[in-house]
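First, one chain by itself: the form predicted on its own, in structure tokens.
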Amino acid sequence: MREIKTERLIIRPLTVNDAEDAFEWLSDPVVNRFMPYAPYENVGQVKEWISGIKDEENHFGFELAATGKVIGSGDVEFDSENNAYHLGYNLNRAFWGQGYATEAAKALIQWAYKNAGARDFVTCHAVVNTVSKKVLQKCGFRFEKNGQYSRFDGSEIFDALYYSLHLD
């Protein structure tokens, strides 16, 4: 099943009907400060992105159960280079600091554990993004190494902290 219910969220595949909500965080330069992609410029780009998401990417939207508003998205995609599942997420700035990122990240990890047989996870964040560090620590990730990652277009390089998580 590709739907996860938590205390406050319905985590499910995004649809093009979610494009307006998704545009709110995908176009926000503050939200996207440390993301590998540049902020989206219009809803059409968001619809195109959503339409191109493949099932194996395990990408989900985070919908508020109480209102139906989609406030973020994330994925747990297999990373063959690390032989582990890579966790990523992004959240509308209006909903920061309320525990939604941690709630969604924990749910994605458990979903991958139960449905994809995932036991090993990896992720990273920009060194200066200390909020993501706290989310990952709450999810049980442990620091592995320092490194770097860049935007897809190569326009910016970020010093990063890399983490792993193993579940038996």
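The numbering used is simple: start at 1 and walk along the sequence shown. What you are looking at is a predicted structure, and each value in this text was computed from that prediction instead of being measured.
Below, we refer to the form predicted in complex with a small molecule, which is not included among the displayed structures.
**Q** Indicate whether A84 is a 4.5 Å heavy atom neighbour of the small molecule in the model of the complex.
**A** Close contact is absent here: in the model of the complex, A84 is far from the small molecule, nothing within 4.5 Å, heavy atoms only.
**Q** Answer with yes or no whether P39 is in contact with the small molecule in the model of the complex, where contact means some heavy atom within 4.5 Å.
**A** Taking the distances in the model of the complex, the answer for P39 is no, it never comes within 4.5 Å of the small molecule.
**Q** Test of understanding: in the model of the complex, would F78 fall inside 4.5 Å of the small molecule by heavy atoms?
**A** Taking the distances in the model of the complex, the answer for F78 is no, it never comes within 4.5 Å of the small molecule.
**Q** Residue-level question: is H125 within 4.5 Å of the small molecule in the model of the complex, judged on heavy atoms?
**A** Residue-level check for H125: yes, a contact with the small molecule.
**Q** Each of T15, A19 and W49 having a non-hydrogen atom within 4.5 Å of the small molecule in the model of the complex: is that the case here?
**A** No, the candidate spot makes no contact with the small molecule.
**Q** Looking at V43, L64, A116, V131, which is the one with a non-hydrogen atom within 4.5 Å of the small molecule in the model of the complex?
**A** Checking each option against the small molecule in the model of the complex, the one that comes within 4.5 Å is V131.
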